[in-house]
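Below, in structure tokens: the form predicted alone, a single chain.
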Amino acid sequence: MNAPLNPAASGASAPREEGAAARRLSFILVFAPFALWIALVILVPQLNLFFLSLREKVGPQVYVLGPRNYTELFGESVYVLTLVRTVVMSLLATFATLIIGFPIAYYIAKIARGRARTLLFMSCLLPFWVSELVRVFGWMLILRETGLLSRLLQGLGLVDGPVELLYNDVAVMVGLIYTSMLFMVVPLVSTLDSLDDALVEAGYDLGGNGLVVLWEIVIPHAKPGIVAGAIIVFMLNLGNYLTPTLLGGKNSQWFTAQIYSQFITRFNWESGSAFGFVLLVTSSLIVWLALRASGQTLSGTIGKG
């Protein structure tokens, strides 16, 4: 015989089921706009970019699917070398930004107090109150032949005449570091701020010097912030167009300039899409390798950084 149903038990489970359904509905309502935004802004454009890159033009308004746009890209050494050059310079600029930004972030997080801390942080934030174009033009005014730095060198007697400091790799590196410094400092400050001062003091008490404490205590604790900042800065540098073009001139040889040329100058959207998708895959692969090498995960890095 079947056991009799317990009215009290069934009555108690009904509110729990209703509560779980309400929570699921609330989660869906909250998450749906975010998912729709991600789909419209990221997924759909990237998928469209990929499918457009596979189109081969065989006649007026006649296209077939094929890999010709990719084979043409990798078949031209100038495109491959430009991609490699862009990646290498972006990595160098990211490393230089870390070397410069880490002491700044440590001083803001662990040494500066009160108004000094606020002032230093605002000093990092202030340049970003204007657009990147204005910031780059500011560096052009400083580095050009009749600019501030050239006049300063002449005034000090270090050079005999005007010096053109624009349109070279050094100018591009300076611009990249300057325009991305905040994105390295902020995650580092956030991570270093949670470092217990007692750990640093214990390191010195156990006989460690400054370098030992930095390498054994500070840097391991700051690793999530280092990885988060490096990822952001590297992606910004790799996809930057204004800074290399304006500070490096026509000979900057930046891969985004090649993408611009394909889309705007040659009106070859299929080839430009292939160039853009190759840059996307390259950056994603490098970020994945960096996460594997550092032992970090993307979710953990974002959460802690």
Partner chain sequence: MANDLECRALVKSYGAFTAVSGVSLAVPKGSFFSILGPSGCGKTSLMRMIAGFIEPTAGEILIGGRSMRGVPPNRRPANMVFQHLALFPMMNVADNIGYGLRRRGMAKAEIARRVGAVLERIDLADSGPKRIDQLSGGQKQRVAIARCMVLEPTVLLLDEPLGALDLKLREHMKVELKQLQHQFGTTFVYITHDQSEALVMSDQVAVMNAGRFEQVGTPEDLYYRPATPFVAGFVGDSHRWGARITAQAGSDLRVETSTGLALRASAVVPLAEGAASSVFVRPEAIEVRVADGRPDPAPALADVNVFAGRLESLLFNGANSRAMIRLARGDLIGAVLPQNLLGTRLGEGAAVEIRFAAAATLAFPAGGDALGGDAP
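Numbering follows the first chain given and starts at 1. Since the structure is predicted, the reported quantities are computational estimates derived from the model, not experimental observations.
The same protein has a further form, the form predicted in complex with the partner chain, not shown here; the description that follows concerns it.
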query	finding
The partner chain in the predicted complex: contacting segment from 218-226, 67-75, 88-96, 130-138, heavy atom within 4.5 Å	218-226
Heavy atom within 4.5 Å of the partner chain in the predicted complex - the one residue of A112, V80, A202, L153 that qualifies	A202
The partner chain: the contacting residue among P103, G161, G207, G157 in the predicted complex [heavy atom, 4.5 Å]	G207
Close approach of L119 to the partner chain in the predicted complex, 4.5 Å, heavy atom	no
4.5 Å heavy atom contact, A198 to the partner chain in the predicted complex	yes
Touches the partner chain in the predicted complex: L149 (any heavy atom, 4.5 Å)	no
4.5 Å heavy atom contact, I142 to the partner chain in the predicted complex	no
